[in-house]
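Listed next as structure tokens is one chain, alone, in the form predicted alone.
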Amino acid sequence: MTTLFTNISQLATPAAGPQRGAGMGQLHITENAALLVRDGLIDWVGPAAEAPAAANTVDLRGRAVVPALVDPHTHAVWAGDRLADWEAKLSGATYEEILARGGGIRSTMRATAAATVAELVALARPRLQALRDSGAGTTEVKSGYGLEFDAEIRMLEAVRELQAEFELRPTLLIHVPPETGRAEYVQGVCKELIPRVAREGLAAAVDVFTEKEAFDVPETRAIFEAAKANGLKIKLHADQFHAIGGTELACELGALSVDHLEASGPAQIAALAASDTIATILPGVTLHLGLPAAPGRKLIDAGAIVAVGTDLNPGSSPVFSTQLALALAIRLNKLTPAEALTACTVNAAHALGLKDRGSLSVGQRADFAVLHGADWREVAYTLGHSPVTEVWVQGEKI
């Protein structure tokens, strides 16, 4: 089955494979382009005047095409809300005060742990639809609001149900330690939770939040070793508030990505630049919490592989648009439009261990976004309204 997509004003794409440093800004841009899809894969791409014949033709009516976006970091499954926390913070309350009132992340964890799988599915579906409407063809979704093992499993089961409707990559997130019994909890994660998740095929990777307020480096190493022993990839939340060695550990152990990086300094930037671990920046957190922006410009200039995600969650980044995260990375993290597109496509795919998407190159999956306008830069320029009119996954309109 072949389909030729014609009348493309501009087709803009990074090359296949993770792009690092200056390579992130080097897009292939074809004017008056066409795209041939065979059995869900890209079979040919080039000027329309040179296009081969195909059994079917789709006229894209003079609009621009870019790879479908990939969101490599979301917490799209949760119950409850954090509106009272947000208002209290705006009034000057500290996070410790909010926690003392019963708010903060533990309020989300209580609400999520009390929800059924069906309730979690119903709550997450419109969030994932919003991300897809913004151009996301593939979205990562983490657990991490369950704490109790059965609640974590229910979160991942909700993601599995939603995979019938969306292209999702599930991640087991070890997020917040319990208030008592910390050592026993970490041991249970390593000996019980991770093996169960791997055995039931509920996640592709294990993520850990490594911070002064969360898990330390030795605990993270033990969890990572358990993940790898059970055939799961590893990812990391690190350097959001303090750089305590998590980034260096992730690079040492070959993690897919290190995410956040707002507190990263020269040592962490150098470690990422010298590794194949993806540096995933999350500008929505900077916007919502007022944190310093992750050093996106310095990371790229040092030669790192940089990705961008929404970090969609109720507490620190209520960003329901992958395209908006792309646009914010330009304003807040100082990426160029071309670098931001690369960060939200092929590099984001590699942050999830996916080598078959993110680039409109021969042999890649035919995952692409059609914009409203004729210039690809609209995907990086637009704020507050999605410039994406259609998303195609494996050559099928979704």
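In this text, all values refer to a predicted model and were calculated from it rather than measured experimentally. In this text, residue numbers run from 1 along the sequence as written.
The discussion below concerns the form predicted in complex with a small molecule, not included here.
Across the options 268-276, 323-331, 114-122, 307-315, residues that bring heavy atoms within 4.5 Å of the small molecule in the predicted bound form belong to 307-315. In the predicted bound form, at least one heavy atom of F209 sits within 4.5 Å of the small molecule. In the predicted bound form, at least one heavy atom of H237 sits within 4.5 Å of the small molecule. Looking at H175, you'd find a heavy atom of it within 4.5 angstroms of the small molecule in the predicted bound form. Using a 4.5 angstroms threshold between heavy atoms, Y95 counts as touching the small molecule in the predicted bound form.
Just one of I105, A227, I300, L131 comes within 4.5 Å of the small molecule in the predicted bound form, counting any heavy atom, and that one is I105. Checking K89, R82, R127, K233 for any heavy atom within 4.5 Å of the small molecule in the predicted bound form turns up a single hit: R82.
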